[in-house]
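Quick setup: one chain, the form predicted alone, written in structure tokens, and binding and motion questions come after.
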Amino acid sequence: MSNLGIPKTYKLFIGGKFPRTESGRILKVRGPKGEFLANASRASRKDFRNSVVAARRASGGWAKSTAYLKGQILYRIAEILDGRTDQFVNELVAHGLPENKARAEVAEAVDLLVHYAGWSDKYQALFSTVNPVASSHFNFSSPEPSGVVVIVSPTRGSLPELVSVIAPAMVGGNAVVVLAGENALTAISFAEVLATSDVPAGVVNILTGHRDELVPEFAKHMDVNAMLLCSDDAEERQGVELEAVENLKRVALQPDRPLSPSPYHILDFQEIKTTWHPVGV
């Protein structure tokens, strides 16, 4: 009996589930020679709004989770991703990447997850301070998560690009909504890893779709606390900053490439809380 070769339809990842887009639209994912690979859901603005609702619902519990738990969950993601290396290599090869480079990309993504898992109980000490004040008080500053962070991933959509933007925001206690790059297959396959690795539903939500349709919505949404835009397009950058002014959303701008591993990318989406405590006389 011959294999019918039924093409897979890659869905969205919202609230820990894999819904089809409410609009019914699809993206045809093609290989480097134009060959058809699969269908992917083309997210609409309503899909984005639904993902923000899911992220907001999850944000409070995730922010209150212990640093130990966050680190363990990121490490678990790395374990599962490493165990599914061959699947991701096959998908990256289908997109035109040589097998050795595909394996290197998967290994890099695993290393990034382990890197940020290690920072889960350390960045607070790095960025907290005891401030000198001219009164009889102790004055402390410590980081707290921003809340709901929306992320526009680098356009190529490689696995290291995706992980490099999700992991620092996530380990900092934020719930995230990510617009993936062009490689929709890798993004949704990574969502399948998240769904089986103890990540609470709604902490990470992944959309596939067109940047020109969704990026302005990311910037103007009133229940989003912060935004990361990976782009080299000056017009796109300016448009996001202008849209975000009305709702005072924090915007971090990065080049259109993977973020280098650094605790300062965690700090990008932390609010600094300062506490005054009187000193007894």
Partner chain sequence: MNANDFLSGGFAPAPESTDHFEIKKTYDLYIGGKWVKAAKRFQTTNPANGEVLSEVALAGKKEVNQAVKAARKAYDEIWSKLSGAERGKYLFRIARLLQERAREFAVVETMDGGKPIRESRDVDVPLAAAHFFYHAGWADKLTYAFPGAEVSPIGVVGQVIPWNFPLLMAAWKIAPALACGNTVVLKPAETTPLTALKLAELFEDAGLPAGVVNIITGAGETGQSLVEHPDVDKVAFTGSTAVGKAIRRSVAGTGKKFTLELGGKAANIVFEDAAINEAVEGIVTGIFFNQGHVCCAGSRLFVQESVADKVIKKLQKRMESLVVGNPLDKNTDVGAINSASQLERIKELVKAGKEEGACIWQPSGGVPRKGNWFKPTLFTECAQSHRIVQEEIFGPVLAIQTFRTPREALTKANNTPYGLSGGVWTDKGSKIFKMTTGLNAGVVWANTFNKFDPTSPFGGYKESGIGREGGLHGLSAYCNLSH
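Keep in mind that what you see is a predicted model, and the values were worked out from it rather than measured. Numbering follows the first chain given and starts at 1.
The same protein also exists as the form predicted in complex with its partner chain; that form is not shown, yet it is the one meant from here on.
- With the partner omitted here, the stretch from 38-46, 246-254, 24-32, 65-73 that lies within 4.5 Å of its partner chain by heavy atoms in the predicted bound form is 246-254.
- Among residues of the shown chain, T129 is one whose heavy atoms approach its partner chain to within 4.5 Å in the predicted bound form.
- Of the heavy atoms in S262, some are within 4.5 Å of its partner chain in the predicted bound form.
- E241 belongs to the set of residues with a heavy atom inside 4.5 Å of its partner chain in the predicted bound form.
- Looking at T196, you'd find every heavy atom of it more than 4.5 angstroms from its partner chain in the predicted bound form.
- Using a 4.5 Å cut-off to its partner chain in the predicted bound form, each of N139, M222 and I272 places a heavy atom inside that distance.
- In the predicted bound form, its partner chain lies beyond 4.5 angstroms of every heavy atom of every residue of 170-200.
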